[in-house]
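A lone chain, given as structure tokens: the form predicted alone.
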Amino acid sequence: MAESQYRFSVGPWNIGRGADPFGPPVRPAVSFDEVLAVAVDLGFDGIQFHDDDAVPDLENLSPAQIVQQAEAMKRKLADLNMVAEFVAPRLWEHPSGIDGGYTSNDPAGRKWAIERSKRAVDVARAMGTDLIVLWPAREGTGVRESKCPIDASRKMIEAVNAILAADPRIRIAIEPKPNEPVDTAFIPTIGHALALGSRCADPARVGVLIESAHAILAGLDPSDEMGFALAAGKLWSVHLNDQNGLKYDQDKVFGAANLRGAFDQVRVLESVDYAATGAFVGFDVKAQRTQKAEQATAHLATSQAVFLRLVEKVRTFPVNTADEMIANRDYEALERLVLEHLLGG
């Protein structure tokens, strides 16, 4: 079987100003054109978009103006031989989404969130992608008694159904995260996301996007989460990165904290020839806060290089030897085989 080639994507938020919650930016802002130049230089094929990355200030534009600007962005990407991977409605930074979007306690806030999501569908259609990513950032609570989880589940389904109804071709990939910016999220894991999708009006059009760090924050193994979604035919994108334990969302370089864990993620993707599906491998990684501006794209190049090196490791792994060890229940030998293979032995 021919070895498939992966397609890579990146979001403009992955090339930032070096800010964190505890200090000011340490690098100048990076323009969108500079992001595109970096993506082209690295050989990336797609750009991940929030709706207002593609169409700035869309809250103050008419539907026709939104489509016009989205079409212009599509042409800009096409000139660089790139495409939009997905569009995600940015609901968590607007005043109307202060208490959540789809699960807000304010009916006006819920209405705004659904209408904003429909505009994101317009943007996606105009840009030639059928994928909407939902990161339910503030769909949760800081005070448990402030929202009813039963009502919240129903409201999430209502929102997903409204988005599906906006375009019969659109697909939705839910990106779970257990916490941050809220204390506790209503859809913390892939299992929750798939269960919610199964209750929607058209389950065939609801899948998931898995981010490595989000799975780790939930105390789970990203490769197991990927396998669970792949078994259901629902893994429509991945955001690869790394995470040092159950802390804040760190978005480290892929493989930086757990190289073996990164190997296992690549291994599960390779096991189903994920590249052949045409789905993207996205990186959601941030440069270290104090990195100088002139080297503040190295985190992307490193993540891509680590991924491709691990693809080689997976494709050269002595599977027959491993199968013999598994059949003989010689798991110590299997462990050593894996470690020596990663070490180059």
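In this text the structure is predicted, and so the values were computed from the model without any measurement. Residue numbers here begin at 1 and follow the sequence given.
Same protein, other form: the form predicted together with D-glucose, not shown, and the subject of what follows.
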Interface stretch in the predicted complex with D-glucose - options 175 to 183, 115 to 123, 200 to 208, 139 to 147, non-hydrogen atom within 4.5 Å:
175 to 183
Tell me, yes or no, whether Val133 is in contact with D-glucose in the predicted complex, where a contact means a heavy atom of each within 4.5 Å.
yes
Given that the partner is absent here, does Ala88 sit within 4.5 Å of D-glucose in the predicted complex, heavy atoms only?
yes
When the contact criterion is heavy atoms within 4.5 Å, does Tyr331 count as touching D-glucose in the predicted complex?
no
D-glucose contact in the predicted complex: Asp221, any heavy atom under 4.5 Å
no
Would you kindly say which of Asp249, Asp99, Glu270, Asp264 lies with a heavy atom within 4.5 Å of D-glucose in the predicted complex?
Asp249
What residues of 50 to 68, in sequence order, lie within 4.5 Å of D-glucose in the predicted complex by heavy atom?
His50
